[in-house]
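Coming up, as structure tokens: structure 1 and structure 2, two forms of one and the same protein chain.
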Structure 1
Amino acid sequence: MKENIYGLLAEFDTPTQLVAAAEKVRDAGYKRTDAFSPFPIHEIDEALGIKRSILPFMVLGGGIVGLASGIALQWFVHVYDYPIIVGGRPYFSLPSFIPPSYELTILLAAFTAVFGMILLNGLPQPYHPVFNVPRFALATREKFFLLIERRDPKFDYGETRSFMQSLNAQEVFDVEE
């Protein structure tokens, strides 16, 4: 096996071919895979066996933390630290606490969404080994690519290369690190 490669990259002409190949790769037991396309292909996540993101739960958590911290901060200030009766209202007046708490909920949920997405996507990543393949430049215009990484437990250079060639790929490339 070659030790200086990142993986194997197969080139396809149509999105249908890419999705069919991705399903065969998933069914063969490969886990460390990726697909590249000039436009979104909604079937590719299921075809590669990619699980749903935890980002919505992270955003919900961020919103709940924002709401709780907004109410807690106002309770601390108005009830415990500096209690003043204003307009005959009690110290803890929930209707007046709603707008700031709502704003803090939205703020923390938005920050969690942005930074969670950046973290989960592994960004910033200005370099990826697939950029070493000259034909990969066509991934932004007209070609579709499927990658199997060498880190995959099932990866064996000879077997994986012959398997990828059996997928009716236009060409299979070695991706050097």
Structure 2
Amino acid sequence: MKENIYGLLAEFDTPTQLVAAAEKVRDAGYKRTDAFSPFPIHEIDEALGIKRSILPFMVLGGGIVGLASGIALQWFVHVYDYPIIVGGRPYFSLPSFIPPSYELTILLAAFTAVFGMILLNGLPQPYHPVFNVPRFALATREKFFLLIERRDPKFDYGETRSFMQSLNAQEVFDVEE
């Protein structure tokens, strides 16, 4: 039982309790932790020591690629591959090229934001051990959960369990692998 568990999951009623518990868990030196809540709680990032995501830089990169490819595409079409005079404008008529480049910038940046978020989050992930706890279905409804994984170097079944119980948790569950 103690060998094939994924970790320990504590249930809380309010976000305040969750954040307070997460801070104590962090201060106790646990690293492989996670919290689950039915809505985003900003304070939890700090309490769990979650580092700021690199997603914004990826999105910036996506936008730059979109902009560059938009300009490059139109240059290729209208200057290099098939130059044709329209309305007496130069082959490289930048003002006319702005709208498509602008839209491509936004398109690629938005793709990066969405798919970057999904991939960095490791989704789609239909199975996760926490789903084995029946009460965990309430994490998307009204309850707050805190997880300490067995992989954590400080993890010791008995000790961690009693520590989690001391955090004002409603209940502590074993998460089976």
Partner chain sequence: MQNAEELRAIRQRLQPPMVEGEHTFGSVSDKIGDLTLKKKTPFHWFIGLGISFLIAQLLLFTVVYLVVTGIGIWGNNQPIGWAFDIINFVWWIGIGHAGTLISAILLLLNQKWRTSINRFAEAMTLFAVACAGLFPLLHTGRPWLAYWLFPYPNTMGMWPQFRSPLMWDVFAVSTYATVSALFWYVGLIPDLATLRDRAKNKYFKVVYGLLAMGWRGSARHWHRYEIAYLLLAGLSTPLVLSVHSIVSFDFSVAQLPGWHATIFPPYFVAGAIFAGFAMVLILCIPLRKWYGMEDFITHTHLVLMGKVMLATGLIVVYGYAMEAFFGWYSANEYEYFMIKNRIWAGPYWWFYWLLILCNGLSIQLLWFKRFRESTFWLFVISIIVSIGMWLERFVIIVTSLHRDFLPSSWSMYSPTIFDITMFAGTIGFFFTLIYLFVRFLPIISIFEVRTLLPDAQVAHGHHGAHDGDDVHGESQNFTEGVNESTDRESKRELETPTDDRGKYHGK
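For residue numbers, the reference is structure 1: its sequence is counted from 1. Keep in mind that this is a model prediction, so the values were computed, not measured. In this text, rigid core is short for the largest set of C-alphas that superpose within 1.5 Å between two forms.
- Only structure 1 of the pair represents the form predicted on its own.
- This chain moves as two rigid pieces, and the smaller piece turns through 15° between the two structures.
- On the core-superposed pair, the CA position of residue 94 changes by 10.3 Å between the two structures.
- Once the core of the two forms is superposed, the Cα of residue 124 has moved 2.8 Å between the two structures.
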